[in-house]
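Take a look at this single chain in structure tokens; it is the form predicted on its own.
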Amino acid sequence: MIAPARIACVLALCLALPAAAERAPFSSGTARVLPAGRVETGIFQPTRWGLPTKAEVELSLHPLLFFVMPNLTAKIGLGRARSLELATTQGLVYPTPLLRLLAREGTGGVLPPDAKVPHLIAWECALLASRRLPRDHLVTVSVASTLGVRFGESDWPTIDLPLAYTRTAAFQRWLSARYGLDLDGRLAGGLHYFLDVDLHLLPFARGSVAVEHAGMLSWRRRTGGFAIHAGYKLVVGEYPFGWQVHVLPLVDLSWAWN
């Protein structure tokens, strides 16, 4: 059983680790790019902004974590290839300040207080392809890799907790990869659903594979300016000490404006 305080710290750590397309609202996990000038934000989701340019580009960052974990991601629409909408995401994150804050004893401590966390930079590159299905459904396939680079003396253990272990593996062992399959759409009225499966491969880590599955229902206001999300996250992963299974709740609120 994971203590609530540790869950909160892990979620904070994972929020900002990096996460022609048709322009569409509430489309963070697809190849669709926000319309120019539209802004979306949430409690646990990043703030996203569709740039007012001819090119299809949106920028996203986690503002609450930015000062302890600088992060920035750009999604760029690549156009259409047959029936597919294509996009790429390029993200940078500097997690060192937050990791050092979490190196302490007691509540909020995830790393030992004597851990030596070097300067770390992660670059995530992803390719997304989305295809519209009948009756307002959309399927998205994604392939991503994360390259972690460190500078200075390093002596800190792996964070053997769900979500955190896979998202910090590149900092420990340079490289990680993720393959995803998402399905989302409208059920009726303002009620929408989201399902996904992600395979994480950690080629140089002692725990080398993890599978994450999420299921979520969302209610969206017809004007498109507000949404409520609730669901779960299932994590089945191999850690340095063996296999573990975890189920975590997902709850969020989203706002948007033009």
Partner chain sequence: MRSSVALLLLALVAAGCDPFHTGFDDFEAATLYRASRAPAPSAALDRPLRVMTWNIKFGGGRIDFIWDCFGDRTLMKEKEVLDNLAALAERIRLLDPDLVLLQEVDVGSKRAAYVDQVQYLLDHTALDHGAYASQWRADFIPSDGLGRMDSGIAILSRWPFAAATRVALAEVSSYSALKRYFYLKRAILRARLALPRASGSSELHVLNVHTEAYSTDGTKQKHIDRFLEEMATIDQAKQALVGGGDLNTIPPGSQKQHEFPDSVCTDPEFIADDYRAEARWLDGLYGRFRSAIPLADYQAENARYFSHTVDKRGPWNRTLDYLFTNLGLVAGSGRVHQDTLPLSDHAPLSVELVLP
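Positions refer to the first chain, counted from 1. In this text the structure is predicted, and so the values were computed from the model without any measurement.
Although not depicted, the form predicted in complex with its partner chain is the subject of the following passage.
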property	result
Full three-residue contact with its partner chain in the predicted bound form, heavy atom 4.5 Å, for 136, 187 and 189	no
Proximity to its partner chain in the predicted bound form (heavy atom, within 4.5 Å), stretch among 177-185, 86-94, 126-134, 105-113	105-113
Any non-hydrogen atom of residue 245 within 4.5 angstroms of its partner chain in the predicted bound form	yes
Partner contact for residue 159 in the predicted bound form: its partner chain, 4.5 angstroms, heavy atom	yes
Its partner chain contact in the predicted bound form: residue 193, any heavy atom under 4.5 Å	no
Residue 66 within 4.5 Å of its partner chain in the predicted bound form, heavy atoms	no
